[in-house]
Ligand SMILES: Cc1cc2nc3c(=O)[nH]c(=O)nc-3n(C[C@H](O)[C@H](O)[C@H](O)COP(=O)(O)OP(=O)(O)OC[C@H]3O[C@@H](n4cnc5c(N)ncnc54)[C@H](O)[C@@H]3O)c2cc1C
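A lone chain, given as structure tokens: the form predicted on its own.
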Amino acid sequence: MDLRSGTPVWLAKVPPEPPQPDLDGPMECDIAIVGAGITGALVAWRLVRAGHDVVLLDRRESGRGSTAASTALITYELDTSLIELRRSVGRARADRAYLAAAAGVRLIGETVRDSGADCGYEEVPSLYVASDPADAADLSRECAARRELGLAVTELSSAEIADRFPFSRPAGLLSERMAQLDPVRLTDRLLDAAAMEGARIRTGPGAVLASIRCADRVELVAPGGVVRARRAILATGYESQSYLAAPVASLKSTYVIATAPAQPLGEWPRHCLLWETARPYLYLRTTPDGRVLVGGEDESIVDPKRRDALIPKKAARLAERAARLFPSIDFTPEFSWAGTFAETPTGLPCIAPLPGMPGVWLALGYGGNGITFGAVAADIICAAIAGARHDAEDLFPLPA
């Protein structure tokens, strides 16, 4: 699957990684991971630190699939609000899911700190604004629901937003303890650290997963050889449907621009993440070198040619919409790209054993919280492999 096109800013900012060897023979290991994006890297790093012998496979160079298309807003806020999720899956599960996501944000910060990854990590708040006056009451209820869980959130009136920002909206929620980072650099650094501890990373045509066999051990069959492992983890994101009996997510395309660096950000308090209640929503963030990333304009198309043909039009539209919010910033795109992503009906990920395949786990962080739930997946799976119980182990099964 062609996951992205255009030039993500992350790939322009980092030198190419040294090529990783391709799979060219059979291998034996304790844990095999398929997928060398951010989720696979988070899982691999955690497992290697726990003393496991890890082999990681990917058809692409690590971090250069959908990870490179991400804008890397690290937040516990799902595309589905807490009050909507309560109606969809029940109050208890919804509350636990939001708390698990908040724990995932903290885990990302701990991972960056413990790994020493230089990935532009910044802890910032998030401002979620009402696009329409009719949404203001919903935001008030959402604020109360989050506070019940102990989440740090403040409700802002239209006047308070206008006092702090160069724009106004009917209402907003300012949530603390979110973050932003460079997803490609974090992926590269985690895999470098995992490799230093003995993980064997194989990327290229020989590492393309063709089939999975489960007997006394899990066998991952690829053109370059068979990898035999005690357990396997599929961190293949939006390309996982071929392993599943029925679709669990719908695919869409999103568009992103990045400005030139050194933008005047004085009217952007605390460089908060910014997004809105409208669907599809506009979302913005900054980078340490003063760029602004603007994403949105989603389309329910996945055909690469149709998706890519829209990049110039969508880039211009994103720049125009963002300029209405921050008139002093030059939103002329220096980079623009498109990516395919998946969302489940509830906005929740799939982190669970794969039915009918003993020893195989799914680590699929769908939706706008993919990186956050990648950290949660690493935590849940590492606990399961160690024989320990995790508070969120039952929260993210495959949909029935």
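Just count from 1 along the sequence shown to find any residue number. Small disclaimer: the values here were computed from a predicted structure and weren't measured.
Below, we turn to the form predicted in complex with the named molecule, even though it does not appear here.
- Task: Scan 43, 32, 69, 351 and let me know which has any heavy atom within 4.5 Å of the named molecule in the model of the complex.
- Result: It is 69.
- Message: Can you pick out, from 127, 199, 73, 100, the residue that has a heavy atom within 4.5 Å of the named molecule in the model of the complex?
- Response: When the named molecule is considered in the model of the complex, the option within 4.5 Å is 73.
- Report whether all of 38, 60 and 371 sit within 4.5 Å of the named molecule in the model of the complex, measuring from non-hydrogen atoms. Spot residues vs the named molecule: full contact, yes.
- Message: Within 4.5 angstroms, counting heavy atoms, which one of the listed stretches 260 to 268, 206 to 214, 85 to 93, 319 to 327 is next to the named molecule in the model of the complex?
- Response: Contact-bearing stretch, as computed: 206 to 214.
- Item | Close approach of residue 243 to the named molecule in the model of the complex, 4.5 Å, heavy atom | Yes, residue 243 sits close enough to the named molecule in the model of the complex that at least one of its heavy atoms falls within 4.5 Å.
- Query: With a 4.5 Å heavy atom cut-off, would you call residue 237 a contact of the named molecule in the model of the complex?
  - Reply: Yes - in the model of the complex, heavy atoms of residue 237 and the named molecule come within 4.5 Å of each other.
- Query: Quick one: does residue 367 come within 4.5 Å of the named molecule in the model of the complex, counting heavy atoms only?
  - Reply: Because a heavy atom of residue 367 falls inside 4.5 Å of the named molecule in the model of the complex, the answer is yes.
- Query: How about residue 121: is it within 4.5 Å of the named molecule in the model of the complex, going by heavy atoms?
  - Reply: No - in the model of the complex, heavy atoms of residue 121 and the named molecule never come within 4.5 Å of each other.
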